[in-house]
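Only one chain is included here, represented as structure tokens and corresponding to the form predicted on its own.
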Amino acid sequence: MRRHVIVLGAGMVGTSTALQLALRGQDVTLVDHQAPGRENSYGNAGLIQSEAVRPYAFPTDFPTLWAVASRRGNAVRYRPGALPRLAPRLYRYWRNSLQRNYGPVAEAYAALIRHATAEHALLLGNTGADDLVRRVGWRQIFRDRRQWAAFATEARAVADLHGLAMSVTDGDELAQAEPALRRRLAGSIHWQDPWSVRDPGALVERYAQRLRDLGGRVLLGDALTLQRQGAGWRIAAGGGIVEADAAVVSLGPWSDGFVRHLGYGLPLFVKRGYHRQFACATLPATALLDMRNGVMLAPMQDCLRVTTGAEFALLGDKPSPVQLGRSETYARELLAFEAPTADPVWMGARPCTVDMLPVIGPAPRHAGLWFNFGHGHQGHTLGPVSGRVIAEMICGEPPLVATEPYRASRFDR
């Protein structure tokens, strides 16, 4: 049965959801307050991480916890003023990261991740976006030999368990593979299956254009104008009123505020991240993650993007220059690059849940309303596969994966 579906949010997750629905013959309207791919989907490191079968856990060992608490490290930072409101959710995040609880989480997460590149490949068809995608993997790079050896042992075990292609390279091999590096390092782990995208926002726009080509609409509008209308939904968008049978909430970090006004108190929080772009005569061959400092060096279309790790803060908190400033210093130890480009410093927010799994499925108390958000660090990776799963659920098709671990009802009890 052909339905009209409104999708709220034109980032990678929302745009992929709309496109997956259109590919199944549905009448789709994608609504956002600005053009597709201009928020968090623009500012990430551009990786499609098919190797990321283990979601980012909260630190559970004392040395790492102390480094975070004392604010000595750079990979994870926090805003002290945000802690009173964040503490209950961070505690639940920490509990779910403990070994006894983490196994089922990782299993459910891997069930989605293993389809990441295949679903991107399906959406790439007829978009002309192959020029944006490089199938070269990415590298974790290590300054410390002991850290490199420990991570290499774990990486081999994960790769063997999940059938992932990877290689462990020592400092000499790394220098040959990445001649742009200006100092010798201990070694690296090269994850070979993932893809990198030279302009993440442009990829989202290509998916949105394919949606238009299939007859879908991309309109400017305010998600908060969504209202019930009879058995369906309506929204003010594109200068008029759009009516639909169903609606999907894919508003990334703004999903929390949106669903709260509908009465859902889901345990969501954000991890903020920053980037700055620099002119660079010799870009690295792959994206490089400095594992000591949590700094990603990502080659973009015509510049180097330096991105930070995670900052625990409230969504509306003012930006802090500390983490990005340190990240630039660490990056210059590794690569020679020039002045910043004219692009402004960017800050975004990763939408996270306390159990590290996205929320995908029906709204428990609103017929015809669906949720697809909370993808944490991997919205760019998981957008097409989670979009497929929610589209299959809406269309009454058997979903690609079992959906119980991702449903909002796991929290709304």
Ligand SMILES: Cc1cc2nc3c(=O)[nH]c(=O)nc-3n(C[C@H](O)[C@H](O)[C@H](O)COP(=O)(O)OP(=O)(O)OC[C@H]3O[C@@H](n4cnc5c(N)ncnc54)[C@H](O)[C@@H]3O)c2cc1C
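Since this is a predicted model, take the numbers as computed values, not measurements. Heads up: residue numbers just count along the shown sequence, starting at 1.
Note that the form predicted in complex with the named molecule isn't included here; everything after this is about it.
Partner proximity in the predicted bound form, defined as non-hydrogen atoms within 4.5 angstroms of the named molecule, places exactly one of 81-89, 216-224, 99-107, 329-337 at the interface: 216-224.
At a distance of at most 4.5 angstroms from the named molecule in the predicted bound form, all three residues 32, 46 and 251 contribute at least one non-hydrogen atom. The closest heavy atom approach of residue 39 to the named molecule in the predicted bound form falls within 4.5 Å. In the predicted bound form, at least one heavy atom of residue 351 sits within 4.5 Å of a heavy atom of the named molecule. Within 4.5 Å of some heavy atom of the named molecule in the predicted bound form lies at least one heavy atom of residue 377.
Residue contact check for residue 381: one or more of its heavy atoms lie within 4.5 Å of the named molecule in the predicted bound form. When you look in the predicted bound form, the only residue of 187, 273, 137, 299 with a non-hydrogen atom within 4.5 Å of the named molecule is 273.
Using a 4.5 Å cut-off on any heavy atom, the residues of 1-24 that reach the named molecule in the predicted bound form are, in sequence order, 9, 10, 11, 12, 13, 14.
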